Ligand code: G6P
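Listed next as structure tokens is one chain, alone, in the form predicted alone.
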Amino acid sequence: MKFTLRLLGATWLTAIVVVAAFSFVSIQAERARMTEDFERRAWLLGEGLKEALEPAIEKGPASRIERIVKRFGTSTRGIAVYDRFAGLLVATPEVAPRLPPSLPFVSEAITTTSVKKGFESLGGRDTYYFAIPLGEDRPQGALVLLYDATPIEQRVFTLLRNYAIWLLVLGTALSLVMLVVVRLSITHPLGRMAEWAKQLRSEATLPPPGVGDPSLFGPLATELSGLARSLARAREAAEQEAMLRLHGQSVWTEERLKQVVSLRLNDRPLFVVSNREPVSHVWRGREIEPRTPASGLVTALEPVMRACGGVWVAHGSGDADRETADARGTLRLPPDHPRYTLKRIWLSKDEEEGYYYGFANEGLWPLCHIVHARPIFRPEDWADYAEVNRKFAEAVLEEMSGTESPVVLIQDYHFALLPRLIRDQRSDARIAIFWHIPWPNPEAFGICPWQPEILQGMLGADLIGFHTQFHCNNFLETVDRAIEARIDWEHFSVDRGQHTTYVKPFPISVAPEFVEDPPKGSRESLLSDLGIDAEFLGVGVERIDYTKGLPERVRAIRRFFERYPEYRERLVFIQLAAPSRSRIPRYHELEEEIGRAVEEINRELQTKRWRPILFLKAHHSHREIWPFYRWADFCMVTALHDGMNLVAKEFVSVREEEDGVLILSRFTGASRELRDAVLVNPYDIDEMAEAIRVAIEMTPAERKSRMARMRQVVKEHNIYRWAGLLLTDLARLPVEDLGARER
């Protein structure tokens, strides 16, 4: 009986120790998780409020601070703002009565210019605080987020109660089982063991008797060892994941870009300037509809701005843009989780006509692409171009007026004069301009009557980026022949006066995820929605532009069916075409030319069940384009001349199964990276027709190996890498090369 009681006591003691240890670890983990949740929510809200409150606390009025604070306060989340002397300025009604005249952690946050966080009892209630200094070097105050911490204690109490119940049930069950087991598996077997021992003393060689179940404590041991193994595996998996992330630093991610930008720019905002806005708003009847422009620039830059934050200055081109912006023409994007500010610039119809449709797209666009479209240069267009550049310069200067040593990233040929205009007013700014289109040879660019002004404007930047080294060389040769400057070919830079401009290649790319949450569906459902039946599917995705080679592509498809009639009624090519710049006569004529060519080939070759080309002329979102990329057997990117062409990289990024073939023009910047594409001369109709045959007859093994290599290139050379390298190079420029202006 004593043995049984000792065994029961030991059993209960063991159960208590195990459950207590497990409870302690679990409760501590749960407390840490909930604390981390508080911190994460406080950090996310604090970063957004900080940007809004810093200008308000510096310039006032206090009513603006109060409006901001009250807007985001809730019954469980209080917000308070303190001045630079740690005096309370504004607090939400939920926490104001509980706040003492001063809080030590507020003073510490302001004094040390660092975030302070922890738990404090305020008004008899446990509270989690997160204090953020407002201002960089000399804080003007502090923002304090206060969360009701009682849910933590409630959760701890619930866990303790549950573990106590579990201990009671476990101990009772073990006791009952132990009584039975002791009687059947210990007491009786021990008697048999004693008898066996006596026989052993008599040197009888007997096998050991059955002593009951030798795995008496086996189930518990098994469960505990299994739990230990599970925990060990979990720890090992966590360590492996950490190691993979560590080694994965060679692959740029959104988080890595955030950290690099924060380090290189010292948490200064990034100012991006482009003609195209990331989203425009248009009226559809009585409803306002957001529209993502069909622009490679937007495809590339929008993920960067999501990662880095800052201000994106762009032309407000949508007819409902004013209704969706505030009085300053700004709005926060994305609307569901704002990460950056869009500043819209309003242009008159005449300004847009002269600057955008005139000089930029009837002059510079055909001049730089060299696709046998005659550039048109009008003095009045140049005047509008210069005036719009000045208007953008004023807006950018206003936005960054409170920023020390601002970083400005100017996009494309619409703003060749902008770097110099900003440099003249802010010599402390670090300025880069990225030229998304090709730069022609010096003889070709010499056609432009305002060549010196354009070059001098661009050389106001500290860094000029192109897609390829070839374009960099063309630019440097143009500068060498056109204006007075010293070219340093060893460092690829231009010295003009006391200012140095570096010229480097930065091949642009796309985000790793073309669509974060891709639509569900299959190839069969896509074909059903389109009302077609095809064994092979080809796709093209372009704006309607004479540089994209669409008429040549249609003729190549026709030649393919002429040379390989066995593929009629088996292959359908789908062309997604977004109307573009329709006000320009050449674009309007091109749209009609493509329509006639498609109609002609369909009329000649189609049957009752089949059409060779499906021409879908409309603006398509990324989600709408994704199924075409995903299910096509091949994609044709046959631009006559292109700086990069991101359609090629978008197609590759979607092909997770590592299948499909890319037919790519040799005259695109993408062809220098995606060497495993089927490269073609877009002017050679027969070669393109043959490339289609090669694409659909290529063996699965070759398709897979080619696509795998291209996907690796796109994965490693993604848009975060482009932005990270460009901004890193800009931040690393020697101090003596910055701030000096040409006199």
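Only a predicted model underlies this, so the values are computations on that prediction, with no experimental measurement involved. So that there is no doubt, residue numbering starts at 1 and follows the sequence shown.
Just so you know, the form predicted together with 6-O-phosphono-alpha-D-glucopyranose exists too; it's not on screen, but the next bit is about it.
Contact with 6-O-phosphono-alpha-D-glucopyranose in the predicted complex, defined as a heavy atom within 4.5 Å, holds for exactly one of Leu122, Leu331, Leu297, Val572, namely Leu297. Contact with 6-O-phosphono-alpha-D-glucopyranose in the predicted complex, defined as a heavy atom within 4.5 Å, holds for exactly one of Asp83, Asp381, Asp412, Glu352, namely Asp412. Although the partner is absent here, Trp365 lies within 4.5 Å of 6-O-phosphono-alpha-D-glucopyranose in the predicted complex, judged by heavy atoms.
Taking the partner from the other structure, 6-O-phosphono-alpha-D-glucopyranose in the predicted complex has no heavy atom within 4.5 Å of any heavy atom of Thr501.
Within this chain, Ser671 is remote from the site of 6-O-phosphono-alpha-D-glucopyranose in the predicted complex, having no heavy atom within 4.5 Å. Of the heavy atoms in Asn361, some are within 4.5 Å of 6-O-phosphono-alpha-D-glucopyranose in the predicted complex. In plain terms, the part of the chain that comes close to 6-O-phosphono-alpha-D-glucopyranose in the predicted complex, with a heavy atom within 4.5 Å, is 436 to 444 out of 112 to 120, 142 to 150, 478 to 486, 436 to 444. Residues are counted as partner-facing when one of their heavy atoms sits within 4.5 Å of 6-O-phosphono-alpha-D-glucopyranose in the predicted complex; in 99 to 123 not one qualifies.
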